[in-house]
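What follows is one chain in structure tokens, specifically the form predicted alone.
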């Protein structure tokens, strides 16, 4: 199957497989929406067009569900909106809707009925993946990660080795050391997008005097990338590989500097994927820093620089780490300022859920790194060009918040947010420095 293909039998089979995995929770999401539209005003993609509001984007999954689960829609599908895409154009429209969602969860937080449209759209992506509709760059990364071939690419290898060299300049690391209490888990994506975060985190862990180690070689591109594309088999293979490595080390704590979806995946999703409760606890490095700060085990050099914090949705809204980064950054900068939207209601950057990772500028960057030209059809190119324009619109409100804050440095902990804010702040000519939390902390260590 390819991006261009359409086969009704594949579509029908994908719908059967998708509805076979519905749960009571997903049925609640599908059936109890009253179309109050409270979610619409909080979705970063509503300003792009009304069709990109959460309810509208989740509607295709409801189309599938109605025709497969309920009796009356099965008998009278035209009365209940029970249908499957019957042409290539209809299927492409569903792809367009599904990839205009960052799954940031702000719609979920503001829905009075607790309906998580992002999770429905994630399921919709799984349906589309079964029909062959995964954007080419995302598909390439999913396949490379699943097969392990990413580790053999000279471009990827060069980036990783450069980060390892810089890490050894600031920390005495014994890689893959069994019995270490703390296992730091950086990813290849961090080496590509936020390379300074890895040596910075290594310096922090060493400064805190922890018994820690990290992998000598990357175990993934960025957690199971297949989870962004709805490729369940890829997720299972990659998650099991990483889980087995963690168990081989025997660490009590698995530490992340990336506060994007890898943090919540390993903390919340991993047990279900591997079928057992892990013996380790998943933490973000900011949790270790707050504990050390409160216990007086770490001190920072003070700065007058006006800095602010953009809360990644996975780390803040879903992970509950909302005030911890503020506490750390406030102890570094006497001019720390919160953004207008903060905490549970923090606005999305606009590029999560793989969107910033597949737009044309990222594709050009990845082609240079990998040394592999990626051919996409004219149809897919038009989709990606539009997606990039729409992503800039979706990120406009966050950029406006940053501008109003007057901050000269924006700190965050998600490489997807850093990547997206790079695009959007340049697009709106807002001149700020973007840094990871680990970098800011490492620079301020006494």
Partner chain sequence: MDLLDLAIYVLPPYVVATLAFGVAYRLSRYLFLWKRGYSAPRRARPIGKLLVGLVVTFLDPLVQAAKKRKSDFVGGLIALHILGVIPLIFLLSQHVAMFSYWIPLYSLLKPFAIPSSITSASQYFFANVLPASEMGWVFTNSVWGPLTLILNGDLLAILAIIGVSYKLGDKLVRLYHRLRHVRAGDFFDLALLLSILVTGFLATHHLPSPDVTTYRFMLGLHILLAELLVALLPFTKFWHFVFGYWYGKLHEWYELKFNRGSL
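If you're wondering where the values come from, they're calculated on a predicted model, not measured in any experiment. Numbering follows the first chain given and starts at 1.
Not pictured, yet referred to below: the form predicted together with its partner chain.
- Contact annotation: of the candidates 318, 212, 160, 150, the single residue with a non-hydrogen atom within 4.5 angstroms of its partner chain in the model of the complex is 318.
- When you look in the model of the complex, the only residue of 264, 346, 363, 131 with a non-hydrogen atom within 4.5 Å of its partner chain is 264.
- Considering its partner chain in the model of the complex, the lone stretch of 415 to 423, 402 to 410, 37 to 45, 377 to 385 in range is 37 to 45 [heavy atom distance within 4.5 Å].
- For the three residues 140, 143 and 309, a heavy atom within 4.5 Å of its partner chain turns up in the model of the complex in no case.
- Contact annotation: residue 97 falls within 4.5 Å of its partner chain in the model of the complex, judged by heavy atom distances.
- Its partner chain in the model of the complex comes within 4.5 Å of no heavy atom belonging to residue 216.
- Although the partner is absent here, residue 114 lies within 4.5 Å of its partner chain in the model of the complex, judged by heavy atoms.
- By the criterion of a heavy atom within 4.5 Å, residue 28 is counted among the residues contacting its partner chain in the model of the complex.
- Residues 263, 264, 267, 268, 269, 271, 272, 275, 276, 277 of 254 to 282 are found to place at least one heavy atom within 4.5 Å of its partner chain in the model of the complex.
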